[in-house]
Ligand SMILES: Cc1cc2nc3c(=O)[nH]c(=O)nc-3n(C[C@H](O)[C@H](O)[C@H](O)COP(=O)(O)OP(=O)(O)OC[C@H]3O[C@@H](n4cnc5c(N)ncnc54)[C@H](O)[C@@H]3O)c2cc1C
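Take a look at this single chain, the form predicted on its own, given in structure tokens.
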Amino acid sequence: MYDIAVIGGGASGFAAAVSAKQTDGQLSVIILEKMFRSGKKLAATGNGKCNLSNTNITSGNYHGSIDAMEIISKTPDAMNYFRDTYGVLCVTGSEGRNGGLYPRSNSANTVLSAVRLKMQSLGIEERCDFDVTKIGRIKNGYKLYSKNGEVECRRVIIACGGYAGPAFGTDGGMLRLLRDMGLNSAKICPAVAPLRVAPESVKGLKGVRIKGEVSAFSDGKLLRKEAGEIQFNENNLSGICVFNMAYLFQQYEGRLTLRTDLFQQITESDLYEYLADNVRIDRGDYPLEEFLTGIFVKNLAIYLVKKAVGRSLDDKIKSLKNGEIRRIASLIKSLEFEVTGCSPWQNAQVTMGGITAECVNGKLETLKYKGMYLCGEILDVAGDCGGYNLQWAWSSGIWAGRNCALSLKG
């Protein structure tokens, strides 16, 4: 019988196992991973560069019923944690976006190697290809069942993620198991992911990328606003500023609208005056399809004029009426898309929804099952894109591992 079994060989599972052993080095700790090798999702994080955390963390960066900042405030900041625990030096700056924290090596694999080295030095065991399909109660602990065997433990820490990124082993199986065991979860949907729109609303825009601002509305109420690169695809809007709106789909499904400002640097009235007083005059004898040439890429320029004017693009620019130019300026500043859904789980980075706050205490121990702790994405927490979700993984893992180890003392 092991003292502690950690289900899930990912960021939060690694942090939980290391934290438990650092709290009490005499404890026997094992990580159980369903894949043939642990750490696959961590190795792919940040396009392989591993955005470990962010130096600008607030409660507004986290969504869900769990108070993420309460846990984060009780654990070391990532810069010191990775230096002191794993010998990984981190930097912000050139690779950081709005305070993003990266390993100095700019490689996720170096982080994974350092974490493995630390676990080896602490005597933490790993067992891969061990997909836990049942958790049973036994005297003084739990029995974890898999097609490849059974493991008994005095305490269990569940750190195996949600549904996002099924290629990395996170297919939601453990969330379903916990719900069957009587734990409640919030409504599940992809987060940090593209948002689907009607294909006809973006027809002709596939591949367009533009710096702008995205605002999310529901029934006319502004929910969130963020600037960044907006990417148009054949049936969705993408880019980090859109990713950070995806969590809203959980609450506002069927009532969510994205409004894009494609020219932040100028007001709508000034834009109208420029288009009416300069462009219409200078290009009067050219066809309408050339009206926005030089301002936007060709397919976006044609899309905007065609959508606003609704007549032949062969007509002369000088034929544009003031009202038509106003509609073009209005579209540029306020182009709307009705959200029809989220992207598939394989395109999502995070799960919105998970085991809710009412099911765990302040130590991240489940109230229904004494000696069972939860951390990471299995809980009802979703962070913004930019290192926030990995910070939650580290902090919740550290906190669950420490409290789990302390519960075995005495």
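Everything quoted here is computed from the prediction, not taken from an experiment. Residue positions are given as counts along the sequence shown, with the first one as 1.
Keep in mind that the form predicted together with the named molecule is missing from the display, and what follows is about it.
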Residue (of Phe168, Tyr81, Tyr142, Phe217) lying close to the named molecule in the model of the complex, criterion heavy atoms within 4.5 Å
Phe168
Considering the named molecule in the model of the complex, which of Phe232, Phe243, Phe130, Phe291 comes within 4.5 Å of it through any heavy atom?
Phe130
Do Lys34 and the named molecule come within 4.5 Å of each other in the model of the complex, heavy atoms counted?
yes
How about His63 - does it come within 4.5 Å of the named molecule in the model of the complex, if we only consider non-hydrogen atoms?
no
Examine Gly46 and determine whether its closest non-hydrogen atom to the named molecule in the model of the complex is within 4.5 angstroms.
yes
Is there a heavy atom of Gly354 no more than 4.5 Å from a heavy atom of the named molecule in the model of the complex?
no
Partner contact check in the model of the complex: of 342-350, 22-30, 364-372, 65-73, the stretch with a heavy atom within 4.5 Å of the named molecule is 342-350
Are there residues in 381-398 with a heavy atom within 4.5 Å of the named molecule in the model of the complex, and which are they, in order?
Gly387, Tyr388, Asn389, Leu390, Ala393
